[in-house]
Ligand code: URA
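This document opens with one chain alone, in structure tokens, the form predicted on its own.
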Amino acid sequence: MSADEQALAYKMELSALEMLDWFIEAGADEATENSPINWFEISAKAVKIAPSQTPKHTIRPAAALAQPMISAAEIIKQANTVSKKSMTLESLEKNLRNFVGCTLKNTAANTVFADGKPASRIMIIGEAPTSEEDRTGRPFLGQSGALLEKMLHAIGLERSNDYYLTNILPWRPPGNRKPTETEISICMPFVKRHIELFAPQMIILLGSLPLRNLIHQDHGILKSHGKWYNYDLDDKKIPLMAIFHPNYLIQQPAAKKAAWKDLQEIKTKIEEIS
């Protein structure tokens, strides 16, 4: 193959990879057929047996009988049990990676646990991994992560040394869809245990999802951002503030002025705690 042919082949391969990345970012991360498939019809045909083909003596082993489905309440109970058995952040991460109770794990590439400085005292909790974070297994990457780092750098905080990042959901919902209440409820025991083991001096929430599920604040981020709340941890009250998610600020640049004011409040509180 000549040098020109090799260069052309490389460009074609690169274009294909770029196109694939574009589809993944757009949420098209599952393969489909060109025409719809009636799975109900196929299933019916698969189990239908003509009378003439029915054996005179049919033996149905116990293993072939349908097993009862586990209820959501039972799965949440299992999540509570598994999370409570975790005595360190390392064991919690291991147990979360091995947990199969949440269907989101079936379509995710990675379990996105946490990033940042485990020895810091500021815990930042977001919503769910993006496609890039799902591929790498690290939270808050790409454009959203870059903006968050820039925001926190403006008040003297560095990702490598001053704060710790995680999400309510460790697995990306397919196509970045909105997670169901059941999916969130299954993940929450791990989130709460994560907070207990990290033992932060301050919690920063990004967006409405952690706000609604950690302190049950239903007013939404537009009314609740920039206000201080308390998170009860054993006998301590941990100062907690919700701010706009970086993705929201990318879509609504006009909100950056309010976001900067919130960051100033956080900076002041850090100085008080220190």
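Numbers for residues come from their place in the sequence shown, where the first is 1. Just so you know, these numbers come straight off a predicted model, no measurement behind them.
Only in words, not in the display: the form predicted in complex with this ligand, which the text now covers.
Heavy atom of residue 171 within 4.5 Å of this ligand in the predicted complex
The answer is no: residue 171 has no heavy atom within 4.5 Å of this ligand.
Check whether residue 115 has any heavy atom within 4.5 Å of a heavy atom of this ligand in the predicted complex, and answer yes or no.
Residue 115: no contact with this ligand in the predicted complex.
Taking any heavy atom pair closer than or equal to 4.5 Å as contact, tell me whether residue 225 reaches this ligand in the predicted complex.
Although this ligand is absent here, residue 225 would stay clear of it in the predicted complex, with no heavy atoms inside 4.5 Å.
Report whether the minimum heavy atom distance between residue 190 and this ligand in the predicted complex is within 4.5 Å.
Residue 190: no contact with this ligand in the predicted complex.
If the cut-off is 4.5 angstroms on heavy atoms, which of these, 83, 144, 120, 111, is the one near this ligand in the predicted complex?
The option sitting close enough to the partner is 144.
If we take heavy atoms and a 4.5 Å cut-off, which stretch out of 101 to 109, 128 to 136, 195 to 203, 88 to 96 is in contact with this ligand in the predicted complex?
In the other structure, the partner sits against 128 to 136.
Sequence order please: the residues of 160 to 186 with a heavy atom within 4.5 Å of this ligand in the predicted complex.
The stretch touches the partner through 167 alone.
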